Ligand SMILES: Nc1ncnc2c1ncn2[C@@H]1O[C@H](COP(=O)(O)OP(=O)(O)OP(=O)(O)O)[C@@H](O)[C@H]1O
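In structure tokens, the next block holds one chain alone, the form predicted alone.
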């Protein structure tokens, strides 16, 4: 195995305000990596830089051996992304929407029915997206991200707005994808979800990576032997647990 996501001194500033501070991060191929932080910590900004949407103001990003932004076209072929905010063409049906992106990505049309079934939308393939609930749109966004059979999947709050059954369905799908070799980079406020899915976790606060490791390693770092991820997160980010 090799490191499939690598950042070195990754930084981002807006109008001279530093948002991400010299982030050094490594994610191994096939890993299920959790990325946590309080609101405003810099999680979404980091993901946008990792997926080539946002240019850093310092440092480097390498995705599957391709350096961004110079080799962006090669890098994006390896990845799929489900951003926290996503737009939909509401006048399209679910099938039409996926067909549109399948053509853009050069993906097989046969993937559409497969992904609609995998995300629990098979019976809604001919329904207009304008009739979809928020949770159904979440599922459709995941289906779109998987069209090009990505080697790396970036997920920003993928199960937000889903009921418990919907969350379980998506988590089951993500576990299967990871077993099949897809590297998953998951950002979520649902710490129980992260704890149950991820093999390793990074915690960012105020734009700085403050901890990284397995749950056991984070327990040691936070001096909370046997502590839950929620307790560890609150202690390390200055929450109420002490």
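Numbering follows the first chain given and starts at 1. Quantities reported herein were computed from a predicted structural model and do not represent experimental measurements.
What follows is about the form predicted together with this ligand, which we do not show.
Original post:
Is residue 157 close to this ligand in the model of the complex, meaning a heavy atom pair under 4.5 Å apart or at it?
Top reply: The answer is yes: residue 157 has a heavy atom within 4.5 Å of this ligand.
Query raised in the report: Though only this chain appears here, would residue 45 touch this ligand in the model of the complex if you measure heavy atom gaps against 4.5 Å?
Result: Contact with this ligand, yes.
Query raised in the report: Is there a non-hydrogen atom of residue 67 within 4.5 angstroms of a non-hydrogen atom of this ligand in the model of the complex?
Result: The answer is no: residue 67 has no heavy atom within 4.5 Å of this ligand.
Taking this ligand as it sits in the model of the complex, is residue 19 near enough to touch it, meaning that at least one heavy atom pair lies within 4.5 angstroms?
Heavy-atom contact with this ligand at 4.5 Å: present for residue 19.
message: I need to confirm a contact call. Of 52, 58, 38, 30, which residue comes within 4.5 Å of this ligand in the model of the complex, counting heavy atoms only?
response: Partner contact (heavy atom, 4.5 Å) among the options: 38.
- [ ] Enumerate the residues of 184-223 that have a non-hydrogen atom within 4.5 Å of this ligand in the model of the complex, in sequence order, or give none.
- [x] The stretch touches the partner through 189 alone.
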